[in-house]
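This document starts with two versions of one protein chain, written out as structure tokens and named structure 1 and structure 2.
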Structure 1
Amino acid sequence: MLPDDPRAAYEPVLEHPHPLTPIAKSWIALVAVGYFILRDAPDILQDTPSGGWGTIAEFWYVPIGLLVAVLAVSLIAGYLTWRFTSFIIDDEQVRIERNFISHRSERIAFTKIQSVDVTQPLVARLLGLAALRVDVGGGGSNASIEYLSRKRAYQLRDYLITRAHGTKATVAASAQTPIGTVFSDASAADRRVVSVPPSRLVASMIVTNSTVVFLIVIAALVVYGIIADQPLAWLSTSFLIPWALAMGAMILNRIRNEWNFVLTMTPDGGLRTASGLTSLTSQTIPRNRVQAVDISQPLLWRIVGWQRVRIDVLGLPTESSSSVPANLLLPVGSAQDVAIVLHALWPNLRLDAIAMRPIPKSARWLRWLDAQTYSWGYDEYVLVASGGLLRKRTSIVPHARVQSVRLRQGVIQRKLRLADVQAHTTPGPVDVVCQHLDETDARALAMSELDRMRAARSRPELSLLSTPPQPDRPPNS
């Protein structure tokens, strides 16, 4: 290397995760062993000659010793993993080295980073630690560092996001910017877009279509029991209880993941979600990679005007591997909240100004009860499809994000001269389908959509992001 080579002064500094990492990881093994002990202990004690409490008093050291042994083994394994794990995140490179048992080196180019998330499981959160997860999307493997101090994780997350956006920055300069708080990961420089009160979140989980169906089934079983004069025990145990347990588990899972949900906008114009009851997960949403938006509204939510917003994001998994769904932009909110969120995401979107067209009356042969709810429309920016009775969905896709258009027509639709037009985007929860259009309109929409796709990609002024992000309030608010 020549003396005047600028790389001559570069000396990468290896860092290790936080020293408390083995403790943060060991609790999982303890919980697993404790679960199996509590699960199998009654059966084991039942077969002992001295009875339950007598056996516990005599052999108390067995479960305690087992827990201590498991704790020791997990701590040793965690220490070795920590000792042989190192990383470099500086102004030149992102590299993670793992040399325990086998050697593995991960190098990540700044331009390949799709998003950077920070997760804080319960024990790590109590210890002031956080995990850094770098998502490279596509066929690349995601990289994670467990655990760093919360402050260090926030700083590195902000730095990597800045570099991923193509902005030249240094780690030292990024360390001077304000970092997020403990409970919501929102710094003084971030601007809160919308938040979901816990009371609204819990109420939205109770007031659902599933709850109504559950109550109807209970009422039907009670009436059946009275008329037939038969006990309902067998019905309760074989049908109602599993259903109730499944609903309870679903509600608890959503409360655990979506509690204290906050959507913020960072100084560089990015969106960030943070939520979690026991664990806090912060997820960065790259606005330029959002492919489509889905606004859903169950039947009972229409009474209070609540809606839910999900998105398709290029390069991100459809479901998070840990907790919060990777495609959730708003768990539940009012129409005003939805307008604010959409304006923060796509400032140029004017959803209310799009003229929506109903589907033909002949579609009632296929949609007896809800044909009047279906409509479709477009402007120079987006294509919109809406409809549904029990759950109304409004799907929005920018013309520039449409990858292909499919025209399909079933046997009955052919008899009724109807057809569907589907706009394909990246895989995700959003399915943009204009259903049951007149076949002439459907063909014209499919053919003209190709022209709008080309125009949107070649003309920057048709981008939904061209307006500088100043989403204090939507235009119509």
Structure 2
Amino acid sequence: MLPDDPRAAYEPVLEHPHPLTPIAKSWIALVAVGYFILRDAPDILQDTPSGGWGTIAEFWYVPIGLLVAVLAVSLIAGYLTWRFTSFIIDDEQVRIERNFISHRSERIAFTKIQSVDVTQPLVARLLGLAALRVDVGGGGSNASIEYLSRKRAYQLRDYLITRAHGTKATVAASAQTPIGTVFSDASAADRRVVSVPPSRLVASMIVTNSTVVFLIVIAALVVYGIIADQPLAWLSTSFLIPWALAMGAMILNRIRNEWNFVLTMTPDGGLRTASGLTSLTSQTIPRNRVQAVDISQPLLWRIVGWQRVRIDVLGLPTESSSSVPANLLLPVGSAQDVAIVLHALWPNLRLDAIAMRPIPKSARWLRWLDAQTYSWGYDEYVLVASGGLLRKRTSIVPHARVQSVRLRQGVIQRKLRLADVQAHTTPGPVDVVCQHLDETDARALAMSELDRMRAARSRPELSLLSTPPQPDRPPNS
């Protein structure tokens, strides 16, 4: 290797996970052993039933010995797994080697990184540990390193995100930037974009469409009970309690996951969401990996003007299949919060300036109640579809991120001379469909969208991002 080769200066970094990893991973076994010993040992020692071969008290060491053996085996296995796991970071990729019983080696090229998460489950968090998870999209295999010290996890995350942006850096250099604490993953270098107060989160979870349905059902049962002269009959209805419990569990789970939600912007322009009550999960997405945005609003949120912002990122698990609030950019916020979030994501987006066009009156035959809520529009950068009454959704996709376009028309639509235009995005919560357009408009929109996609793709980088992230607020705030 020549001395002036830039790679000569680059030392690959080889590290093991944190030594406390086995404890953080097998804490359930630890707790179980401790629980059994504390619960049963006093009883066993006091019991003195006479038997053929002595009292149980004489053999107290048998169950305890078994438990200790289980504990020792799990700790030794954990230790060996830890001992034979290492990760190597060089100038182009991360390599994770697991060489315990079966040998596995995972390679992650920096250019493929879609997002990097740092998760801190409760026990790991108490021990000061954190897991690093790297999403590479496509194949669905998320490489994870469990566990690192919190500081090291944050440092490596910053390094990986810097590299995912295409910037050259070294591990040592990115270790110089300040990092977050146990309570929030926001350092002095980050800029807080928006945060969600817990009171608003709890209120928004309770005021949802499913709660309304539940209350309507209860009201109907009460009215029926009064008519049938049995005013308390609804209390004994069998399905209400399981329903209420399931709904309560879902609400509590979401509150636990989305508690203390903070969206920050990292110095190199990544977006970082961090949230969680017992466990803290923080996810960092390079902004150029965001494929599309969805702003949704259940009917009751409209009273207070709250909205929810979700995004499509290649390779992220969809919200339903995971407990971490992936794909979420804002759990609940005012219109101004949404504007701030969108401005942080795409500074050049001018959503208010896009002329949204209504759909023809004849669409009322298909959308009886909410035909007037549907609209569509586009500008130089993005395509926007909006509509819906029970859940108003506005989907935004940059032309450069549209994969393909579809025109579709059902039988009734054909009679009414309407058609849908769908812009296909990568898998995720966003579905961009301009519904029930006039036939001529639909055809024109679909064909011109292809030209806009081509023009947008031929530009060097997504023009929405072209201005560097600046610590200012959107003009309308």
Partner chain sequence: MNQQQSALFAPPTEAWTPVSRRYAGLRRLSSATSWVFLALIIVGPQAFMVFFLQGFPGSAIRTLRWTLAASAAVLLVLAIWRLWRQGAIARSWAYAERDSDLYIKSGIFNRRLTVIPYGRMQAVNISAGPIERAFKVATVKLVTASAQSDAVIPGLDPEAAAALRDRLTERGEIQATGL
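Since the structure is predicted, the reported quantities are computational estimates derived from the model, not experimental observations. Each residue is numbered by where it sits in the sequence of structure 1, with counting from 1. For the two forms, the rigid core is made up of the largest set of C-alpha atoms that agree within 1.5 Å on superposition.
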Open item on the list: I need to confirm something. Of structure 1 and structure 2, which is the form predicted in complex with the partner chain?
Closed with: 2
TODO: For Asp379, state whether the C-alpha moves by 2 Å or more between structures 1 and 2 after rigid core superposition.
DONE: no
Open item on the list: So that I can tell if Ala109 moves, could you say whether its C-alpha shifts by at least 2 Å between structures 1 and 2 after the core superposition?
Closed with: yes
- [ ] Tell me, please, whether between structures 1 and 2 the C-alpha of Leu30 is shifted by 2 Å or more, with the rigid core used for superposition.
- [x] yes
- [ ] With the core fitted, just quote the Cα shift at Ile89 between structures 1 and 2, in angstrom to one decimal.
- [x] 2.7
